[in-house]
Every structure is written in C-alpha cells, then in structure tokens.
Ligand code: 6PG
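In structure tokens, the next block holds one chain alone, the form predicted alone.
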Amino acid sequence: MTQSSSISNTRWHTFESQDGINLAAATRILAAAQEAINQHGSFLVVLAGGSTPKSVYKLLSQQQADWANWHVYHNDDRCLPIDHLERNSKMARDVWLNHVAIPQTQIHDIPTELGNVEGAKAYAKTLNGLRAFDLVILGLGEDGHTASLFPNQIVDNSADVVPVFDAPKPPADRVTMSQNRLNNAHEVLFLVTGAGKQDAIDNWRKGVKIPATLIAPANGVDVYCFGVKLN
C-alpha cells in the first residue's frame, strides 16, 4: 500500500512481510542504478547501516547488475577499528560488496578509524566535487534519528561531512554526512522495520520535527515500512 503526505513530500509504502520489503527495496535500488548509469554513466549510492538494510544488501549480493559503474558511499559510521563488527562499512562489505564486481576504488568507506574530526575531514575530501547522489538509503531510529543526526544535537551544515560527539547511542564518537549533503540527492529511500519504530513514525506523520524530517530533498522521500502502522 502506498500513501502520499504533504509533509516534506513524503510517500509512505507498507509491506506485509520482511521478504516483501526486502524485494521491493532491492528492486528499487537496482532500477535507480540502471537509470543513473543510462543518464550519467555511473551510479552514486549512499548506504545506511543497521539490520534492515543488511537484509536488503544480502539480497543485492545475489543479483546481476552493472556493478562496474557503481560508486558506493556511507551516510555515517562509528569511530571503531576498520574490522570491528559494528562498523557499517564492514557489514556492507561482508554481506554484499565483497561478493560483487564493484571495483574496490569505487567503494568509499568513511575512515572513522582516524577519529571523528580527522575522519570527517578526509571523507569531505572524498565527496568534494561529486554531483548529487542518485540514491540515498536511510534508516530510522526509535528516537527518530537518521544517519548520525540525533535529536537535540546541532550539526554544522556548512560542511558535507561532520564529526559527531556525545552520540546518545554508543560509541559516542561518529562521523555523519550533514543534512544538506543528504538532501543533495535525486532519490531518498528510508527503510523502516519493527514495532519499536512506531512512535517515531507517528511523530513524523503528525508533523513533529524529528531528525528524519530534516531530509527533505526536492523530489521528496519514499518510506518503506514493515511492522509499523500508518495511523
């Protein structure tokens, strides 16, 4: 089921099963890739971390695509060693990116092992000069956060990539793309699963300002939901 909302031009899509949302998301990502490659010769995609995207990434690892023209980025990551299990980059590589033919030089991990300040500076250089992203994939936390944009925390939007201090979820130090850079995208896809996200979804649909509502690109956003009710 699909519903439209005037709130930031948000389109809501509900699914009846985990397999259903996974398949729909993977199909959407592959279609966005082909469209971008046809138009630009490359596909610039920004990945989210978390358990919901992980299921989609596993499915993508089994698909055929023009992988040679994919360029992969991350919307945020935790300041942990490269091989730490809680690094978003490691998860994406383990379940998907290591199993397809995307050139390693086109997979751009955030170097959070350098710390949040130096890691943000380095990743800003990686993004410098890039056109708008073709697709940004985002998750939603129970508190309404997305990427590492948390409630009641001020982020410097003069930069594309910023350090995060004192995140309410460990580890406290992180690196995130700013809302301005995430909004510089042709398509934005939120993946939301689990009853624990209900309050965040309710607030979003009521017009309460949560971090997720900061992401409001010109073309609007699509929110794929499973396990929550659209009241």
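These figures come from a predicted structure and were not determined experimentally. From 1 onward, residues are counted along the sequence shown.
There is another form of this protein, the form predicted together with this ligand, and it is not shown here; the text below is about that form.
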statement: As a check of understanding, the residue in R93, H145, K121, H108 with any heavy atom within 4.5 Å of this ligand in the predicted bound form should be identified as H145
- prompt: Which residue among L97, L140, V161, C79 has a heavy atom within 4.5 angstroms of this ligand in the predicted bound form?
  reply: L140
4.5 Å heavy atom contact, H186 and this ligand in the predicted bound form: no
- prompt: Closest heavy atom of R181 to this ligand in the predicted bound form, within 4.5 Å or not?
  reply: no
- prompt: in the predicted bound form, does K197 have a heavy atom within 4.5 Å of this ligand?
  reply: yes
query: Do N75 and this ligand come within 4.5 Å of each other in the predicted bound form, heavy atoms counted?
result: yes
- prompt: Within 4.5 Å of this ligand in the predicted bound form: all of N38, N69 and R131, by heavy atom?
  reply: no
- prompt: Which one of these stretches, 111-119, 132-140, 97-105, 151-159, sits within 4.5 Å of this ligand in the predicted bound form when only heavy atoms are counted?
  reply: 132-140
